Ligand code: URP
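The chain below stands alone and is given as structure tokens, in the form predicted alone.
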Amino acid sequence: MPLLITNGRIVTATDDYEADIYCADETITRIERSIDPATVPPEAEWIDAAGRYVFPGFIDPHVHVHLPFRGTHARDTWVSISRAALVGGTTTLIEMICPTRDDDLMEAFHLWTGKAAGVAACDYSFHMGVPRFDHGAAAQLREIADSGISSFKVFLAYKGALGVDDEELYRTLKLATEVGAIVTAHCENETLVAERQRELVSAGRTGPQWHEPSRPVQVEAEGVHHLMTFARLAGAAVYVVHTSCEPAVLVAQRARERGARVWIESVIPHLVLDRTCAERENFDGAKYIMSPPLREARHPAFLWDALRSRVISTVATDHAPFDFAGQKEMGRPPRGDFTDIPNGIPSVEHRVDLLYTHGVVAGRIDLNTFVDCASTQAARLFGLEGKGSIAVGYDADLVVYDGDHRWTVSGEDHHMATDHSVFEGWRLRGRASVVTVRGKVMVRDGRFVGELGGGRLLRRAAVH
């Protein structure tokens, strides 16, 4: 059905103006100061966006949906996560495929992609995890890249499970350079993390508050430095995921100034939470365990400054949805310790509104930067053609946004499958009034009104 949006304030990464938008055949076909409704088909759906913003559909380039952890699995499916994402204004997700060293890469690829096919309500793609690099893996990675998955993921952590050694890292980066892919990287030093965990647990320091000291900022910065050295020598394009602290950002920024092709991601929990959350009593701190950990309050302040100057390119979530009951509690002493707590803070549904409230409304970033970091940069970096902006010929992924709407977060009515929200009781300003995917209305006033299964696997250009 054709779609006409009138009287909206259109905001992209570079522009801010008032105009009408007409969409047909899943794309934006007209943008004019005033479109006469008489010039569009009578069956067209008409949305009056007076007094509201119109943003391009937001993109979260870093989520986990299918995620095994020590005999359990993350709680979301593509049914719940795509509903939650859309209600929050996000129209495209990129999931991390995370096979272990023992897994066949092609089997993992089909497992992960199969869980979204025919189910997802939003559009989606994947980063292909590389837990090892040998001749067989190289051939499979080439085949996966040829299929339109033009980004890889490496872990410089989780020794013996997900992490690659230095030879594997270099060869992955070289292959990525050959096929035009970008390598996304979790940057820590796996040996330092493993040793510090052992020391702390041996000393009886087992609660959630000891997670951050087991992987302090120096460990993250060292991981970024290590990646930068290898990336420059391999000539690879790299993307540092969930950067949490000033030292790590500065290492990447200095490498970029010396010619490295590197982009920096932060995630919404690192911008709005700090390490005191993980220090809460009665094991409540376990809800806030993620890696890299939440940092001292001075680091979120630095990240906001780096985002405002666009040193940080994107704001994602690293959404990893585990329940508190029965899952996060796996690490409750004396049965377990902080190393047994599944990592992750569910936030895909609230990323955009948290970023608007604590970024735009608080005066930390402007509207153009808001759109750039939450949509446009992800589209550009990961080859999402037709996404991330509002222009004729682009996909009609649009968010009509009420910047004055005030509401309170509650885990009782969120669309994510988890049994809690770390943002419980937070008062936010701003909410998506209407969300469309390729011109089809999927959300109205905080309610999912679309259909499941219409989301498409996006085959992405190798832009690097």
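Sequential numbering from 1, following the sequence displayed. Every value quoted in this text rests on a predicted model; they were computed, and no experiment measured them.
One more form of this protein, predicted in complex with ligand URP, exists but is not displayed; see below.
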Ligand URP: the contacting residue among 75, 153, 350, 358 in the predicted bound form [heavy atom, 4.5 Å]: 153
Selected contact from 295, 287, 186, 380, since only one has a non-hydrogen atom within 4.5 angstroms of ligand URP in the predicted bound form: 186
4.5 Å heavy atom contact with ligand URP in the predicted bound form for all of 95, 125 and 460: no
In the predicted bound form, residue 371 touching ligand URP (heavy atom, 4.5 Å): no
Residue 64, heavy atom within 4.5 angstroms of ligand URP in the predicted bound form: yes
Any non-hydrogen atom of residue 344 within 4.5 angstroms of ligand URP in the predicted bound form: yes
Partner proximity in the predicted bound form: residue 291 to ligand URP, non-hydrogen atom cutoff 4.5 Å: yes
Segment that reaches ligand URP in the predicted bound form - one of 256-264, 221-229, 313-321, 196-204, heavy atoms within 4.5 Å: 313-321
